[in-house]
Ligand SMILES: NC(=O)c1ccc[n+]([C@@H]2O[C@H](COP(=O)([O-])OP(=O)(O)OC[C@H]3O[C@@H](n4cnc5c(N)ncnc54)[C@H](OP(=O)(O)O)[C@@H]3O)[C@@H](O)[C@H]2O)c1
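The form predicted alone is given below as one chain in structure tokens.
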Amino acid sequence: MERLMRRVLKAAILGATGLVGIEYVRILSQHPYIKPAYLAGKGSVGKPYGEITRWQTVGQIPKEIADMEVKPTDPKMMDDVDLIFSPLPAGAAGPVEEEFAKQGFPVISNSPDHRFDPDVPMMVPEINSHTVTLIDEQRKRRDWKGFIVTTPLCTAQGAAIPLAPIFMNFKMEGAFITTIQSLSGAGYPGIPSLDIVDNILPLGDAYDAKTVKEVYRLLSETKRNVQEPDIKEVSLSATTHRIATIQGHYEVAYVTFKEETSAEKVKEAMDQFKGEPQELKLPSAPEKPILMTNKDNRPQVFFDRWAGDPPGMSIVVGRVNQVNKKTVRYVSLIHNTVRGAAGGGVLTAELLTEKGYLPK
């Protein structure tokens, strides 16, 4: 029997010269079947990508990509493109992504503008892959052939991925999260040096609130092994900060429970956590979404942000401690521009391919 060949998907990357855009370029240049075919920008149209891009990630710009011309963000120029990756800024992203979806393009967005549209999935593939079916409702309601799928805020992913196996398996009462976030989360050129050097910058009530809101949605869409408490009874709180590291968001969580809960059992649940991407052996799926460390001085941002295979796709969790019989503390680290952005977007595209929403 003749073996069917997998189709190569041609991807357009919007904002391709930005900090998340370059991670898309890096990841897709090595991808087995999704390739960067169209690099879109705004102020650099007509120039070679390698000439105008600040490559603030590992490795070098691949030569075949360095010579590609940056092109306008115009769906009419993308006849041979199969899907769109959109890490555009808040506010600018919404109408652009809608126009692409109207024109029949699948859009995978890292931007916040559509995260709480009721017919748009906000996806971490290991947590809520079943929500892809919202695409069918979206197409019917909006009468377009394309669609939009979003990924959550990087900070929310750093909180939700370790919390998911806890909420799935234990009677979790609440979680109190403190984040220490890197500069790349603010994009380039980012925060003025005099605001961040020799300082810890609180991100404020609005950022705290949107982090909590997104974590609530993700946990509400998990498939659980315990039936209580209802997500509406769970108390979540986040206090968010920016510091002068380049990549990697560090988060400290205190999780409370309605009954006595062993820290060792919590560690075991996180260590064993897997989802549909692991079952399907998707190319960007790490064998373990959560890597546990028993060292009392890890995770560390410098050493652990690239953890996993592919690098940067696993969250590292350590310093798990029994605070009291009903409280467990742990520390986590997520690579914010890889797992928390571009890598998560590519993993979502792979899942959509397997589910039949992208050509296979």
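What you see is a predicted model; the values in this text were computed from it and never measured. Residue positions are given as counts along the sequence shown, with the first one as 1.
The same protein also has a form predicted in complex with this ligand, omitted here; what follows describes it.
- The candidate stretches are 164-172, 108-116, 280-288, 124-132, and the one lying within 4.5 Å of this ligand in the model of the complex by heavy atoms is 108-116.
- For the options Leu218, Leu83, Ala101, Leu88, the one in contact with this ligand in the model of the complex, meaning a heavy atom within 4.5 Å, is Leu88.
- The partner is absent here; in the model of the complex, the one residue of Pro299, Gly312, Pro36, Gly41 having a heavy atom within 4.5 Å of this ligand is Gly41.
- Contact check for Gly185: a heavy atom falls within 4.5 Å of this ligand in the model of the complex.
- Contact annotation: Gly21 falls within 4.5 Å of this ligand in the model of the complex, judged by heavy atom distances.
- Shown alone here, Thr348 lies farther than 4.5 Å from this ligand in the model of the complex, counting heavy atoms only.
- When contacts are judged by a 4.5 Å heavy atom cut-off, Thr73 counts as touching this ligand in the model of the complex.
- For the stretch 333-350, the set of residues having any non-hydrogen atom within 4.5 angstroms of this ligand in the model of the complex comprises Asn336, Thr337, Gly340, Ala341, in sequence order.
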